[in-house]
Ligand code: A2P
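This document starts with one chain, in the form predicted alone, laid out as C-alpha cells.
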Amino acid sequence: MGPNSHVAVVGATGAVGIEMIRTLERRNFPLSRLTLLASSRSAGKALQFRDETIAVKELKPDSFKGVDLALFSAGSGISKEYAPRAVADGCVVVDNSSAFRMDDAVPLVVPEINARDVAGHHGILANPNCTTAITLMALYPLHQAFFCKRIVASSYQAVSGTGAKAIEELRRQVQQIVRGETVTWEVYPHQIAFNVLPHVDSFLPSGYTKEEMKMENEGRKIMHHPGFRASVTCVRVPVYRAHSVAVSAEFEKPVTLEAARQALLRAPGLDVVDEPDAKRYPMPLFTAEKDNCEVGRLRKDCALDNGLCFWVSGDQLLKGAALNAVQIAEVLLA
C-alpha cells in the first residue's frame, strides 16, 4: 500500500461510513481513488469527496479487485463474509465491526496505545468498540503511570452508536412529545427521548450485556494486560452524538492527583478539561465532532485503595469509529 492507494469504504452511506469519507478528506489521506460500497438499497446514491461526486456501488464479491485498502463499517455479518474476500484480492481491511476483534490473528488497535501491533496483521485489522476506545484514551496513560488492576464504570452512550436510524428516532420522538403526539419507536425497545435505557447490545446469561463485556475483553487485548478487570453498566442516553463514561479505577501503585494530571496532560489525542470551580468538565455537547477525547472530574476515589475517579467524553463516530480507523490506515502507510 503506497501513497497513491485505491481506498474503498464499505457501508459508505451509514453514519460511520459518512464520517470515514469526511475524515479521509479532512486529514488529507493520500489516495488516488475512492470507491464507495453499500447494499443494493443504497447503490446509486451520490456522495461528495474533495471536489468530486462519487456514485455508491453495490457491494459484490468482486468489489475489491485493484483496491489497496478497505474501511469496513457495515456490521459483523458483512465483515465476516466480505473481508476475507477482500484480503484474497490483495486488499488490507480495517474493520469497524465486532467480527474479528477477539481473533488472535487480528490486531485490535487504538493507535495512541498500541500502534506497534499494526505490524502483526495478516490482512485484517480491527477497530475496538467505541465505548472501550474512548475509555482507554484516558485510562491507558493512568495505567502506564500506576498499573491499573480494575475499573468499575458506567457509560452514557449516545444514539449515534446505534446508527443513523437511531439518531432519526430520537429526533422524531422529541418532536412527537413537543406536539403532544403519541410517541413511537422501532430501533430501541423503549422510548429513548427523555429516558435512559440500561440496555446496550444483547444480554448474556451472566446478566451483563455483550457491550459491557467488551470493555474487559478488548481492554485486555489493546493494553496487553491479561489481568485487567472491568465491571461495567452500559446505558443509552438521549444524546445525539458523543459517548461519556464515569470510571472508578484501582491501581497497584500509590496515586497522586498531580501525577495523574501530568500523565493525562501528556497523553496524545486527549484534552484535560477539569476546572470544576469554573464549571468546566467534558460534555458530549462539546466533544461532538471533535477528534480528541476529553477527561475531567479527576479525583481520588473514596471507596478504593489507590483509586481514581474520572469522567471521559468522546465522539463515538470519530475516535469511537471513523477517526480511529483512518488513524490505523495512516499507521499502515507509515
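As the structure is a computational prediction, the values presented were derived from the model and not from experiment. Start at 1 with the first residue shown and count on from there.
One more form of this protein should be noted, the form predicted in complex with the ligand, which is absent from this view; the next part is about it.
Using a 4.5 Å cutoff between non-hydrogen atoms, N306 does not count as a contact of the ligand in the predicted complex.
In the predicted complex, the ligand stays beyond 4.5 Å of every heavy atom belonging to P141. Although the partner is absent from this view, Q157 stays clear of the ligand in the predicted complex, with no non-hydrogen atom inside 4.5 angstroms. In the predicted complex, the ligand sits beyond 4.5 Å of every heavy atom of S79. Checked against the ligand in the predicted complex, the residues V187, M102, A164, A246 give one hit for a heavy atom within 4.5 Å, which is A164. Among the residues A12, V312, L318, V326, the one placing a heavy atom within 4.5 Å of the ligand in the predicted complex is A12. Residues placing heavy atoms within 4.5 Å of the ligand in the predicted complex fall in a single listed stretch, namely 34 to 42, out of 63 to 71, 277 to 285, 34 to 42, 295 to 303. Using a 4.5 Å cut-off on any heavy atom, the one residue of 46 to 61 that reaches the ligand in the predicted complex is L59.
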